[in-house]
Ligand code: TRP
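Only one chain is included here, represented as structure tokens and corresponding to the form predicted alone.
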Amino acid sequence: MKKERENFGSRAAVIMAMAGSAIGLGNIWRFPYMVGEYGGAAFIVVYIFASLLLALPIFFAESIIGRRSGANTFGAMETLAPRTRWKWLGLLTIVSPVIILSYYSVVGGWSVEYLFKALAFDFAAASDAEVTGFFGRFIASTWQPVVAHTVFLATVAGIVLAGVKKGIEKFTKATMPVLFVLIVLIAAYSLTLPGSRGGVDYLLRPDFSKLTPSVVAAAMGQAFFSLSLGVGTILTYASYMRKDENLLASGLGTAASDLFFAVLAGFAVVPAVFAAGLAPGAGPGLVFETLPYIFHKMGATLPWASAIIAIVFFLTILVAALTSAISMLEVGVAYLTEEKGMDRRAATWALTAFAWVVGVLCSLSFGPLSHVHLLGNPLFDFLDKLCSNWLLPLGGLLFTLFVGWKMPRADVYDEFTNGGTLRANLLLFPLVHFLIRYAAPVGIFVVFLTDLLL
């Protein structure tokens, strides 16, 4: 007898879970340094339009497939397109999130380590040289990052083990409001720092002369990455929706939450960077190298305030990382429990073990295995580029093609409008279907082409 699937209990739970999947390191770690590298406000403008016109239609496509089928990513393809090659899309979106989780949990482990450092007041007590060199020494070491990676991944597994309602829904409903409060507090403090006005101008005054094809492609890619598209996480969460849920409202709520949080993260980090007289284009190390230096300098005059802000900041990063990571693990767990008959505990620990092993190798690629390269890249960078530049866009492209061209328009209409009962959805359906069928695939193709040529 097939076990009855769990469902989210309310629209708020749906939005919290999906926003939790979307809001993660892509917002608080990746977005600020992308803004810094690609010219500030002009990048943000393109990012907002890309989120609404490219990413949101893909989000709707995944949601339509997930709720229509009520199944995991593989089962969804078998349900909606039985005995066709579309099943390979289902398998792709089972493998991709586990690979992403493997190296994502390494960065999540960094947030664990930095939170412990903040709790121990290490940033205020250390010398200038110790603070500026800490990140490099930490990631190049053997055991510290592996232990942190293990702690982070075990926490993710523990949440997923509890199930959809008692684990994922309960965790995201409790942490998402806290996450927004924390980032607002950090942004408010950042704006009070002397010299922060330069960062505000950098974020609010676009210089469109800086827009180049690479900037546009980067903004589109960030919108795509930020909403966790193309890897089946949104599809899987949508499969836990009740049939009376409003896909338009859930999608808009998730996208708005993601955009709002990303902008808040920008205001939390960039003004502080300008206040410290540092470069906003510091790259991926912006959060883990620049911010501890700022907390250290602050600690010279305000040690307690510095410590509290550092704790709040790295706690925010950790919670954001966890909410995304649990959605990645849940994709594979849903597949193994529903298609292979495994119980949730066995499925969770099997996938966690795989992610842990690959994650350890990724962690060691910054130190003892730094000489090992795949196609000219250390393992961490190779997997990041493989997923971000190829697997995620490919998954998103196939989802939009499936909904736009394979699924009968009547079925898409029925699912998006709840059988024609939702007035706003009825009015917007022609636009949404057009964006899914034409605009989103073209946008993804542009990202692919730019990555190849630039």
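Keep in mind that what you see is a predicted model, and the values were worked out from it rather than measured. Numbering starts at 1 and runs along the sequence shown.
Keep in mind the form predicted in complex with the ligand is missing from the figure; the text below concerns it.
Peer 1: In terms of non-hydrogen atoms within 4.5 angstroms, which of the given stretches 140 to 148, 203 to 211, 229 to 237, 306 to 314 touches the ligand in the predicted bound form?
Peer 2: Heavy-atom contact with the partner occurs in 229 to 237.
Peer 1: With the partner left out here, check for me: in the predicted bound form, does some heavy atom of Leu392 sit within 4.5 Å of the ligand?
Peer 2: Result yes; Leu392 sits at the interface with the ligand in the predicted bound form.
Peer 1: Against the ligand in the predicted bound form, would Ala13 count as a contact residue? Criterion: heavy atoms within 4.5 Å.
Peer 2: No, Ala13 sits far enough from the ligand in the predicted bound form that none of its heavy atoms falls within 4.5 Å.
Peer 1: Could you tell me if Gly26 has a non-hydrogen atom within 4.5 Å of the ligand in the predicted bound form?
Peer 2: Output for Gly26 is yes: heavy atoms within 4.5 Å of the ligand.
Peer 1: Could you tell me if Ser250 has a non-hydrogen atom within 4.5 Å of the ligand in the predicted bound form?
Peer 2: Ser250: no, not in contact with the ligand in the predicted bound form.
Peer 1: Considering non-hydrogen atoms and a 4.5 Å limit, which listed residue (Met220, Ala272, Met328, Ala334) is close to the ligand in the predicted bound form?
Peer 2: Of the candidates Met220, Ala272, Met328, Ala334, Met328 is the one lying within 4.5 Å of the ligand in the predicted bound form.
Peer 1: Find the only residue in Ser111, Asn72, Ser324, Thr348 having a heavy atom within 4.5 Å of the ligand in the predicted bound form.
Peer 2: Here the answer is residue option Ser324.
Peer 1: Using a 4.5 Å heavy atom cutoff, which residues in 86 to 108 contact the ligand in the predicted bound form? It's fine if the answer is none.
Peer 2: Heavy-atom contacts within 4.5 Å come from Ile100, Tyr104.
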